[in-house]
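A single chain, nothing else alongside it, follows as structure tokens in the form predicted alone.
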Amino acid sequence: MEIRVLTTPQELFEAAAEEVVHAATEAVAQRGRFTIALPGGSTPKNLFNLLATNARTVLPWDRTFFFWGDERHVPPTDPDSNYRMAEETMLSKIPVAAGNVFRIPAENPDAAAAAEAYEQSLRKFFQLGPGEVPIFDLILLGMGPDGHTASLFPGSAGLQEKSRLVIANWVDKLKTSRLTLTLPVLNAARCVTFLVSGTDKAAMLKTVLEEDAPAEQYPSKLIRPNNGKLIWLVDRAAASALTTKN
């Protein structure tokens, strides 16, 4: 596990953009394509803007395939949609083919059916056999102030899922289901990179990275790639409670 403390949020997003470019370049050179799962929430918005402008001519967009780590159970036009945020800040501004973008069909009123449909999309794209799990080149994640990541919330049933790739995870405190990749998928990636910014995340970041707390209560602790890299990109404000800072 690598923890990198950046001085400002802007430096964090620049470092994250460099990670995306590096992962894409390596993946295309080795396997001919780059698969990335995008995060939701507000933190990655600046990263998407950076990629749309600075990396527009650098990234191999024609061989880049976009997926999502999780999605709110809303239509793609909804202000809360993770897809909509990525579409407005990045996807609409780059030369990527519509066929390279795999959004979660969260407009389906049946959340479980939406999860199943997305799982089938993954199985088809990655040509998975029974029991196989997709291996993403890069999965970007955030961490909530409660320690959740993707839409795996503390105490939620989805933390126990071992066989499904995508689930509709009921989040009791929000009184709604969220569509999310499961831990086996997140931990199969070649690289998982967390983006954490702000003083409101400081106490939780210390708990997740430095304290011997029950992982089921702090799902971000459960992200441990089996054979891949785990990188935490955090700004100084988020890292302010950590014992060791660089």
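We number the residues from 1 along the sequence you see. This is a predicted model, so every value here is computed, not measured.
This next part talks about the form predicted in complex with 6-phosphogluconic acid, which is not shown.
Engineer: Among the candidate residues 167, 143, 139, 106, which is the single one with a non-hydrogen atom no more than 4.5 Å from 6-phosphogluconic acid in the predicted complex?
Structural biologist: Only one option qualifies, and that one is 143.
Engineer: Of 47-55, 25-33, 65-73, 205-213, which is the one stretch near 6-phosphogluconic acid in the predicted complex, taking non-hydrogen atoms within 4.5 angstroms as near?
Structural biologist: It is 65-73 that comes within 4.5 Å of the partner.
Engineer: Is it the case that residue 41, even though its partner is missing from this view, gets within 4.5 Å of 6-phosphogluconic acid in the predicted complex, heavy atoms only?
Structural biologist: Contact with 6-phosphogluconic acid, yes.
Engineer: Check for me: heavy atom within 4.5 Å of 6-phosphogluconic acid in the predicted complex, for each of 82, 149 and 178, yes or no.
Structural biologist: Judged in the predicted complex, 82, 149 and 178 all sit within 4.5 Å of 6-phosphogluconic acid.
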